[in-house]
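One chain is shown next in structure tokens, namely the form predicted on its own.
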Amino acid sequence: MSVILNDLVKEEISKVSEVASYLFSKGWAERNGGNISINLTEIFTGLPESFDEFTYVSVANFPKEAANKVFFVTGTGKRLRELNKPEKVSCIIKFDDSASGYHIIWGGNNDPSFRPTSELISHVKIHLDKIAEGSDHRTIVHTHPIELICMTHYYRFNTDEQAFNFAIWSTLPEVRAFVPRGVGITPYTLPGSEALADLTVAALRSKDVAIWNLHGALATGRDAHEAFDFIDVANKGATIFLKCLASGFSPLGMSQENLDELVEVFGL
């Protein structure tokens, strides 16, 4: 059984499907790599009077603020390249009144064993933090951008956010302009863990992109396109930096004065 989706919800899911195709074409979504979610709470309509016929999944240690929230989430073990058929590889869940579990009310390929991404705790905590901030960011994209991941394998950047951001900002004015708050680097942490969720929430309070060390990147946006753009532009900076090194020379890069001028002139 599934609920009927309104046009606003369909539009947001359509954006996710389009972005998923970009991620795969870039080589950022191998096998079941990456996951995407949307906070649909404010735009979802047509909730059933009873949820008895929907699969219910109990959860532990989820924030109570998740109660009655509605999220679109990609499925665990599912391939983002198959999001052209979102009802098969993603689902919409509604948390119950106590946030002790959720019902799968749409999608999941009508498979009672279907579950959302194993990174669900990170997605939920980030969404709740954005709500608390009054942010209009409703979508989260997590993916495996090759060059940004490469940068985290380099000892100079593994834990040094300032050096990391200077390296990617200085390669191209657009990187400074379109990722103005830069990236935050989280130490390597077990995927799917609450600890990783908390580190990511903290990083995204001050940065546009959170880098999961040796793992991938995550960004939020008003929709899937905006979240993708933050990661895509940051990765462009990393790509230019690494291509210069691979060509046998260190990047010349813009100076700190050049970067400061961009901030002053364009109000970054």
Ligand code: 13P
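Numbers follow the displayed sequence, beginning with 1. Predicted, not measured: the structure shown is a model, and the values here were computed from it.
One more form of this protein, predicted together with 1,3-dihydroxyacetonephosphate, exists but is not displayed; see below.
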In the predicted complex, which of the listed residues (Phe44, Phe228, Phe241, Trp212) lies with a heavy atom within 4.5 Å of 1,3-dihydroxyacetonephosphate? Trp212
Would you kindly say which of Ser193, Thr76, Asn110, Ser98 lies with a heavy atom within 4.5 Å of 1,3-dihydroxyacetonephosphate in the predicted complex? Thr76
1,3-dihydroxyacetonephosphate is absent from this chain, but in the predicted complex, do Thr171, Ser255 and Asn258 each have a non-hydrogen atom within 4.5 Å of it? no
Interface stretch in the predicted complex with 1,3-dihydroxyacetonephosphate - options 231-239, 25-33, 46-54, 62-70, non-hydrogen atom within 4.5 Å: 25-33
Taking any heavy atom pair closer than or equal to 4.5 Å as contact, tell me whether Ser118 reaches 1,3-dihydroxyacetonephosphate in the predicted complex. yes
With the cut-off set at 4.5 Å between non-hydrogen atoms, does His137 touch 1,3-dihydroxyacetonephosphate in the predicted complex? no
Hey, in the predicted complex, is His144 touching 1,3-dihydroxyacetonephosphate, heavy atoms inside 4.5 Å? yes
